[in-house]
Structure formats: structure tokens, C-alpha cells
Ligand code: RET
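The data below hold one chain only, encoded as C-alpha cells and taken in the form predicted alone.
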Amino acid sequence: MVPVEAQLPAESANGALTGSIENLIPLTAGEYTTGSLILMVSYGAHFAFILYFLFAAMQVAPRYRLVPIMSALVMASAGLSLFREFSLWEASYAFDGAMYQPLAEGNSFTNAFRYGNWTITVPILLTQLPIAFALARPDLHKRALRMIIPGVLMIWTGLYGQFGETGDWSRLNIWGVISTVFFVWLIIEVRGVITAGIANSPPAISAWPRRLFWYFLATWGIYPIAYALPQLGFTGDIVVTRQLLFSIADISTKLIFGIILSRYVLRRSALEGYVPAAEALSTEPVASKVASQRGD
């Protein structure tokens, strides 16, 4: 096999020491601009939905209010991290008249900030589940911890492995497999929480947690694809596609996931007779059911 460094321009070979393929590959103007737009839309979307979740918190019953508040915290943390990624992207490339060259003025790009942010946001996201499903407090704490442990180990082992994406693939793949083992463990724990959530949900919305498991599996499964993508080749298309996959996964697992849970607890609040929630759902069938129970 030809060494990676032999496949790269001489001015980029030293980028292998930085651990990210973004530091090895010159980009066309289109690729660079597309990458900038992907990161800009990503951090902008997260920042924009902070207010959405704070307003959503005012409509749900007090016992569920922490769910959208936690989503607002996730939006702020992810937005700051992605803004940092965007700033690094802008600083790490310089246009030479033909291409955008990496390692501009000694600046290097890294995806490590994403992993740092996931270390913060993943425990929050996982804890939202048993809170939304109104599990008893001792069970809630136990199940949250059993999800957080494999979730954090999955992130940290993936972080260590991704620094092997610019040379020998053994490090990337070995630690990718280890990270996947923790991911499977996490899926098993999440499945247990969702099963408890199905049993503990009002019949009118019991399908929500059941569907949520498949959504969780599909969206979190994007991350391993993005992780392994550099092995398909050192090209600008791969660089941009990976940023796109990471961003789609972040928006799906944080923003859209938060919306789904917020709508679930809103309906649950209405079915349990919380008036502001029923009023917020005034055009939906669940509101009529609540109104009839109240005698309106």
C-alpha cells in the first residue's frame, strides 16, 4: 500500500501530524464555500431554537418542564461548539488563486471540538428520555446512569480513534470497533428506557416512544458512517460530505429529537389535564378529549 503521505502534495504532508484529513486536502472554491455554509447553518439552527425550547417549557406541566429546558441547554452548547468549528474552518484555509489550501498561517482544523461537545450534550439528551416518560425517580437515576456510561465511553474511544484517520487505518478501525461496542451497549439501554416509556405512556400517545427508538437508531447511526468516511479517499468531496453527515446527525439527534420530546410531553401534559398544554393544542384531537373530560 502506498503511504498516505506519498499520495499528498508536499506542502500538505505535514498535515498528517494534525490528525484530521481536513488539514491534508486543498479544496476548490465550491467545496470550501459548501463546507462553510454547512457549518454556518448548523450553528445557526441550534442558536435559533434556544428560544423555541424556552417558550415550549412554559406550555408543559411542571413535572415535564425540564425536558425542553434541557433541550435549550443542548442548543446553546452545540451552537457554541459548531460556531467554533466554523471559525476554525474559516481560519484554516487560505486561497492561493486556484485552491483553498489547508494549514493557513499555521492554523489547523480539528473535529475534536465536536467530541468535546458530545461529552456535554449526550448525557443531557439521554437523561431527557426517562424524565419525559415520567419514570419513578430511583429508576430514572439508575437508567440515566446506565445510558450515560456507554454514551461517554463511545465518544471518548471514538475521539482517540479519529486521530488515526490520516495514516495507518488500524487505529481508526480498532478504536472504531471499540466505540461501536459501547454504541451497541447504549442502544440496549435506550431500548430498555423506551420499553418502560411505552408501558408508562397514556394509550393515546404510546406509539410515540415506540417510533422514537427507530428514530434514535437511524439518526445516531449516521455518526459511525461519518467517522469511517476518510477511508474512501483523500478528496475534497469526502471532506465536505463528512461535515455534512456530522451536521445532519447533530441537527437530527439534538434539535429534531428535542422537538419530538417537547411535543410528546406537551401532549402528555394535556392528557393529564394541564390546561396551558391543552390550549396550546387547541386545534388537535387531544385538546377536544381534554376539554370533554373537563366538561367544557
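Every value quoted in this text rests on a predicted model; they were computed, and no experiment measured them. Quick note: we count residues from 1 along the sequence shown, nothing fancier.
As for the form predicted together with ligand RET, it is not shown, yet the points below apply to it.
| message | So, a 4.5 angstroms cut-off on heavy atom distances: do all three of Val122, Gly176 and Tyr223 pass it with respect to ligand RET in the model of the complex? | response | Yes, the whole trio is in contact, each within 4.5 Å by some heavy atom.
| said: Going by heavy atom distances of 4.5 angstroms or less, which of Ser269, Ser262, Thr253, Ser42 would be at the interface with ligand RET in the model of the complex? | reply: Answer to the contact question: Thr253.
| request: Note which of Val193, Met154, Leu82, Met147 lies within 4.5 Å of ligand RET in the model of the complex, where distance is taken over heavy atoms; exactly one does. | output: Checking each option against ligand RET in the model of the complex, the one that comes within 4.5 Å is Met154.
| message | With a cut-off of 4.5 Å between heavy atoms, is Pro130 one of the residues that contacts ligand RET in the model of the complex? | response | It does not: once ligand RET is placed as it appears in the model of the complex, Pro130 has no heavy atom within 4.5 Å of it.
| task | Consider Gly158 of the chain shown here, and say whether it contacts ligand RET in the model of the complex, taking contact as heavy atoms within 4.5 Å. | result | The answer is yes: Gly158 has a heavy atom within 4.5 Å of ligand RET.
| said: Can you work out whether Tyr227 and ligand RET are in contact in the model of the complex, taking contact to mean some heavy atom pair no more than 4.5 Å apart? | reply: Yes.
| field | Non-hydrogen atom contact Tyr100 with ligand RET in the model of the complex at 4.5 angstroms | value | Heavy-atom contact with ligand RET at 4.5 Å: absent for Tyr100.
| task | Have a look at 84-92, 179-187, 204-212, 138-146 and name the one stretch with heavy atoms inside 4.5 Å of ligand RET in the model of the complex. | result | Residues of 179-187 come within 4.5 Å of the partner.
| task | Sequence order please: the residues of 53-86 with a heavy atom within 4.5 Å of ligand RET in the model of the complex. | result | Residues within 4.5 Å: none.
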